[in-house]
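Presented as structure tokens, the chain that follows is alone, the form predicted on its own.
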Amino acid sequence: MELYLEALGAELAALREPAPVETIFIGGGTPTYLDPSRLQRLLAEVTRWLPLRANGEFSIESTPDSIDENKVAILAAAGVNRVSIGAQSFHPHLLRVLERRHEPAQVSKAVDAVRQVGAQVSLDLIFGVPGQTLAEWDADLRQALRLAPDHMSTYGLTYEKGTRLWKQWKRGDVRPLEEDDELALYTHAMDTLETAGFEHYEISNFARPGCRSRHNQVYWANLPHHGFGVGAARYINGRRELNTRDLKEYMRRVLSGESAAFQSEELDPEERARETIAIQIRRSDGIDRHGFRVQTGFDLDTLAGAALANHAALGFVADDGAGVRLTRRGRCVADALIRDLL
């Protein structure tokens, strides 16, 4: 941990001077797993090199078992005003399938601790877990709503290569849910959360009015962003870079003065515009034709007009002339639709 924090500090210092930002998100893992002194050190390095502008959003990810009142106080003192808690499920047997170490009761304790310092709370839930029923998913959604979060993310389970769950799937030890069953869970989340007053503002994300994740909206608009740390991605001046995901290699590179990036590409203007289509269509706001032209220099219909018209005829896309967005049906087949648009 000491060596990693040293390397992260060195990568940030390569900025040479502080770079004020509108939003910060520390995640992609569990930063609150750090003990209090190391957590303070992490936050100090980040805020030294990336000072948050007035009224900025400062988010951090946490698991229910890695956060307590002491750590929450440290977060608040550093300016953190939004905590994303990985609840995943309130059913112990599903948490075991997902290899989560916390107990359901720890979620409410974590939420209470964050609430005490006035920060916003976001809860993550996972659906499509092997063996999961609609009744269990409904109970998870209801329990999460009882905790009154400001924001909720509902992610369909993916089998990431190399994980234990992926190996179990490959061996036939676990059986993924049928697509129709997973679809029923997703549409039930839409119905339940929208009825509870949440805006379905991105395929997997729901927020109470005024509580959308500002940081993630930068990604979904395909706008520039910094990225630091092992596996981090950045998009600056039209150049996209990805840091190595190998922890030891990351530390070796950065501490020896090398770049942590192992992958880099500079998209030509048309590629960048097509990528913007693929990302922005995921939002409930969809793609504004005028804004798209200003941002990319391309006309939306020149690039994807035929595909958009086809999907509008099928009922997957709504087109009001000013812009296009996914319909409810379109959200359910978004990945295939986006491939078509590309």
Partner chain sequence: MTQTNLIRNFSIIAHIDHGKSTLADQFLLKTGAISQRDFRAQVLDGMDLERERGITIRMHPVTVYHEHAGQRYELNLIDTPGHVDFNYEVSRSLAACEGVILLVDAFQGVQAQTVANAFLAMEHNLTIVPVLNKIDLPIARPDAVIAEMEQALAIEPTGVLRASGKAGIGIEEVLAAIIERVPPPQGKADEPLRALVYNSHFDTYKGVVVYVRVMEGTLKKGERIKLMRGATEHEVSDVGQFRPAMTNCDELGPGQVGFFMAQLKNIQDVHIGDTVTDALHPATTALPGYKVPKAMVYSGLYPINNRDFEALREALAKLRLNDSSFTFLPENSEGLGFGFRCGFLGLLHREIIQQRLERDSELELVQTAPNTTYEILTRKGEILNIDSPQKVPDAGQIEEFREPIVRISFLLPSENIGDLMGLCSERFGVFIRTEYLSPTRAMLVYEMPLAEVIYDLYDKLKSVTHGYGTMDYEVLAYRPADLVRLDVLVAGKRVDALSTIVHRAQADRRGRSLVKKLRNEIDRHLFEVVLQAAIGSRIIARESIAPLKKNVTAKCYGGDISRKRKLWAKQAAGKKRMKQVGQVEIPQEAFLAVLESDEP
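Residue numbers count along the first chain shown, from 1. None of these values were measured; they are calculated from a predicted model.
A second form of this protein, the form predicted together with its partner chain, is not displayed here; the remarks below concern that form.
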The unique member of 222, 81, 192, 106 whose heavy atoms fall within 4.5 Å of its partner chain in the model of the complex: 222
In the model of the complex, the residue from 10, 334, 21, 318 that sits within 4.5 Å of its partner chain by heavy atoms: 334
Candidate stretches 52-60, 38-46, 290-298, 271-279 - the one whose heavy atoms come within 4.5 Å of its partner chain in the model of the complex: 271-279
Output flag, 186, 265 and 310 jointly within 4.5 Å of its partner chain in the model of the complex, heavy atom basis: yes
Touches its partner chain in the model of the complex: residue 233 (any heavy atom, 4.5 Å): yes
Exercise: residue 5 in contact with its partner chain in the model of the complex, heavy atom 4.5 Å: no
In the model of the complex, residue 89 touching its partner chain (heavy atom, 4.5 Å): no
Partner contact for residue 227 in the model of the complex: its partner chain, 4.5 angstroms, heavy atom: no
Neighbours of its partner chain in the model of the complex among 171-190 [non-hydrogen atom within 4.5 angstroms]: 179, 180, 182, 183, 186
